[in-house]
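Okay, so here's just one chain, in structure tokens, the form predicted alone.
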Amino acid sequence: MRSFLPAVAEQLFKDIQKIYEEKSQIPDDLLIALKFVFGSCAVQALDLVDKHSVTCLSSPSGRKAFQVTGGSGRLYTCFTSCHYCPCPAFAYAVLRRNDGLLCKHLLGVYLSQAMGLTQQESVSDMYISTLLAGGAAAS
């Protein structure tokens, strides 16, 4: 699923998942590793997870998209299947400058999944199709 990420990031998410399942918290050494691998957006992403800002939208056909409510209240629709977020930070820092692996929204998606804290919402296939087409779908 996370084939776009380096092995070190993949392993970090697996370690977080395992430890979080056991202790319901992330130990300092893994927090330091997150900061080292993902930079300053790690703290911002953890804040999004703490605020339950990540929702997984699932359709009957199995398609998934993630909606993340950013700090400003804006809703970003992220796709882990193609490693994409429409936010300006992703376009500039990740795609253009190659300064980071992820923006805080995508990192929030991966962390919320690893920690089992993703909100779940079932939506129609048409809703997901509209999101994939770049439109603002109505419920």
Partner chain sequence: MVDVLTHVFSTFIAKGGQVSHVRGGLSSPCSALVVGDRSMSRSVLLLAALTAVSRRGMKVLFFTRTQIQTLPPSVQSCLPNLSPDSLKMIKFCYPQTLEELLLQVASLHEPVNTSPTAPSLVIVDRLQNFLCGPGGGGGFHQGEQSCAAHLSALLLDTAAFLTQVLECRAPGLAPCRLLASFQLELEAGPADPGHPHPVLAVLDRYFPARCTLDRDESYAAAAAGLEEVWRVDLSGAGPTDPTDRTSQEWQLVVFTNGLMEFRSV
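The structure displayed is predicted, hence computed values, not measured ones. Positions refer to the first chain, counted from 1. Throughout, rigid core stands for the largest set of C-alpha atoms superposing within 1.5 Å between the two forms.
Just so you know, the form predicted together with its partner chain exists too; it's not on screen, but the next bit is about it.
Requested in this report: Would you check, heavy atoms only and a 4.5 Å threshold, whether S72 touches its partner chain in the predicted bound form?
Outcome: Contact with its partner chain, no.
Report task. Would you check, heavy atoms only and a 4.5 Å threshold, whether L30 touches its partner chain in the predicted bound form? Result -> Heavy-atom contact with its partner chain at 4.5 Å: absent for L30.
**Report entry** its partner chain contact at S81 in the predicted bound form, heavy atom, 4.5 Å
**Finding:** Yes, S81 sits close enough to its partner chain in the predicted bound form that at least one of its heavy atoms falls within 4.5 Å.
Requested in this report: Would you please decide whether V37 lies within 4.5 angstroms of its partner chain in the predicted bound form, comparing each non-hydrogen atom pair?
Outcome: Contact with its partner chain, no.
Query raised in the report: Going by heavy atoms within 4.5 Å, which of 72-80, 37-45, 22-30, 109-117 lines up against its partner chain in the predicted bound form?
Result: Single hit among the candidates: 72-80.
Query raised in the report: Given that its partner chain is left out here, which of S129, S122, Q17, Q11 has a heavy atom within 4.5 Å of it in the predicted bound form?
Result: In short, S129.
Query raised in the report: If we check its partner chain in the predicted bound form, which of the residues in 77-116 reach within 4.5 angstroms of it by a non-hydrogen atom?
Result: Those in contact are F79, T80, S81, C82, H83, Y84, F90, A91, Y92, V94, L95, R96, N98.
**Report entry** Core superposition between this form and the one not shown, C-alpha change of L12 at least 2 Å
**Finding:** It does not reach a 2 Å shift.
Query raised in the report: On a core-based superposition, does I128 travel 2 Å or more at its Cα between this form and the one not shown?
Result: It does shift by 2 Å or more.
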